[in-house]
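Presented as C-alpha cells, the chain that follows is alone, the form predicted on its own.
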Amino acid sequence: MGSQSRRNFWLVLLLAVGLAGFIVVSPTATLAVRPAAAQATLDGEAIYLERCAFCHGENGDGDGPVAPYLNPRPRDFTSGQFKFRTTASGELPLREDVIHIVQVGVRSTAMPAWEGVLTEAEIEAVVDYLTQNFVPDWGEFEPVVIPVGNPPRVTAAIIAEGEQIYQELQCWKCHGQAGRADGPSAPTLTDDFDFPIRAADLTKAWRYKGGSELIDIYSRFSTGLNGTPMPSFYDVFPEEEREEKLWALSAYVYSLQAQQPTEQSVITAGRIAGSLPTSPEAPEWNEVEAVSLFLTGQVITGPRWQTPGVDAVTVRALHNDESLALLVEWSDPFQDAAGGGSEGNVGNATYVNLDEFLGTAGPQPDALAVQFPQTVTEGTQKPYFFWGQPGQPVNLWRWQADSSVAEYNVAGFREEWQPQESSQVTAEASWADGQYRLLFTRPLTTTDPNDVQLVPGEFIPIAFQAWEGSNGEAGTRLALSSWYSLVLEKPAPVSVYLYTVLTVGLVAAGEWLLVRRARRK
C-alpha cells in the first residue's frame, strides 16, 4: 500500500469514528438511540410473557391460566399490594424489593427463584416492565423505608419479654398459643381479595414466605404484609422503645421454630424391657430419638393434589421384643373429627381447580396412615410407595379421627380399599395446640399372612400418608412420603457380654503384670 493509499485509509477511519461520535452525542441524533431503549422495554415484556404471564396474567392482574390451581394465588400487580418490602405499611415497595423477590422467590408458594435462570439484566428488565406497566402510581411517590438495625444477642430474658408482648398484642388469636396457626380467628381469615388465607405456622421455619431469620421476622413485624390480615407493629410502641420491643417479639417467634426435617432415612425403634408407653402423652417419649420427615402433595394420579395441609411428620418408636409402639406427630391447626363434605374429585385428569373446589369441599375427618410392604423381601425391591401395585401389595394401618383405626391390604392406587376383618393394630390419638400425637401399637408378629411381620434387626420399609380434613382432603387428595426404613434394635448377643468380661479380665491381668514387674525393678 502506497503512502497516499495509507493516508486515504486513515482519513476514512477517522471520519467513521467522528461520525459515530456525532450520532451518540448530537441532540439531533436522539432518534438513533431510541430503538435501543425501546428494545430494552420490549425485552422486559417478552420475558414477562414467557416466564410470568402464565401465573400473573398478561395484564398483571394475577389471573393467569394456572391461577385457579394455586394457593396462595399469584400476585395481582394492579392492586398495588406487595407483601415483602422494606417500606412502611401500605406503601409500594422499592424497585430493589421487587428485584429481590424475583431473585429469591417466595417459599411455600409457586413463585420460584429466578436467580441463575435469568440474568441480572433480564430480571431488572422484567421488573421494570411489570412495575411501570401494571402497578398504579409507580414512581410517583417516594416510599417511606423502615430502617432495620443489627439484631441483638438473643437471651432467655429477651425471649421471655417477647412472649409477654406476643400475649399483649394477641398474636395468639391467629397464630395460636404455641404458634401452630390454630388461634380462634384462624378459620375465618381472608385477604383483601376475599380469598381464604391461613395464619403462618410459626413452628415451621421452612414455610416462612419472607424468610425465617431473626432479621426477616423483624422486617415483617415492622412493615406488615399488605393485602393480608397481618398488620405492621412499627407504630404500636413508643419510638424510644420500638426497636427493643420488636426485636424481643421477633426473638420469641424465632424460638418457636421446630427442628427442620432432615435427610435422615432410618427410624430406630429402641428396645426396652417391660411395658411400652400406652399413651401418646407418656413422658417416656421425651427420651426417645425423634426423626422428622417431609411429606408432599399426591401428584401421581388425578386429581393431583397440589396444596397438602400436612407437610411433615415426626416419628418415634420403641419395642419390647413383643410389640411395637410407633408415635407419629404432625401439625394440624384444626381438629376435624366429623365428615360430611363432598368426596367428589374435581379435575380428575389434572390438578384440582381450587376456585371450583374450595366452595364445595366441606369438612372431612383428619386421618393418617402408616404403610409397610405386606412382605419384606431381602433385596432392594419395594412396592410402589403410593399404595403398592398388583403383585406387590402393602399393609396399611390407617387412623381416622371419626372412626378409630383399621388395617388394609392394597395393591395399587386404583384398587378399592377393604378393611381386614380382624386387626391387632390399636391407636390412641390426642390433639392440642394445633398438633396431633398418634400412637400405633401392634405385636411384632401375627398369624395373619396379610400382615407385615416386624423382625428386629431388619430394615423394614415404612411410609406415611396424611389427610387434613379442614383442607378438604379425602381419597387421593392427600400428602404422602416416599419409603423410609424402620429398624427394631436387636437384643445384644451373649457373646458381647462374654467378650466384655474377657477384655476387662485381660486388661486387669496386664496391669497386674506391669505393676509386679515394676516392683521387682
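No experiment lies behind these values; they were computed from the predicted model shown. For every residue, the number given is its place in the sequence shown, counted from 1.
Below, we turn to the form predicted in complex with a small molecule, even though it does not appear here.
Checked against the small molecule in the predicted complex, the candidates Val425, Ala200, Leu318, Leu293 yield a single residue with a heavy atom inside 4.5 Å, and that residue is Ala200. This chain is drawn without the small molecule; in the predicted complex, the residue among Tyr408, Trp399, Trp330, Tyr208 with a heavy atom within 4.5 Å of it is Tyr208. The candidate stretches are 112-120, 294-302, 425-433, 278-286, and the one lying within 4.5 Å of the small molecule in the predicted complex by heavy atoms is 112-120. The shortest heavy atom separation between Arg477 and the small molecule in the predicted complex exceeds 4.5 Å. Among heavy atoms of Phe84, some come within 4.5 Å of the small molecule in the predicted complex. Contact check for Leu70: a heavy atom falls within 4.5 Å of the small molecule in the predicted complex. Contact check for Ser403: no non-hydrogen atom falls within 4.5 Å of the small molecule in the predicted complex. Site residues Val106, Gln170 and Met230 are all in contact with the small molecule in the predicted complex, judged by any heavy atom within 4.5 Å.
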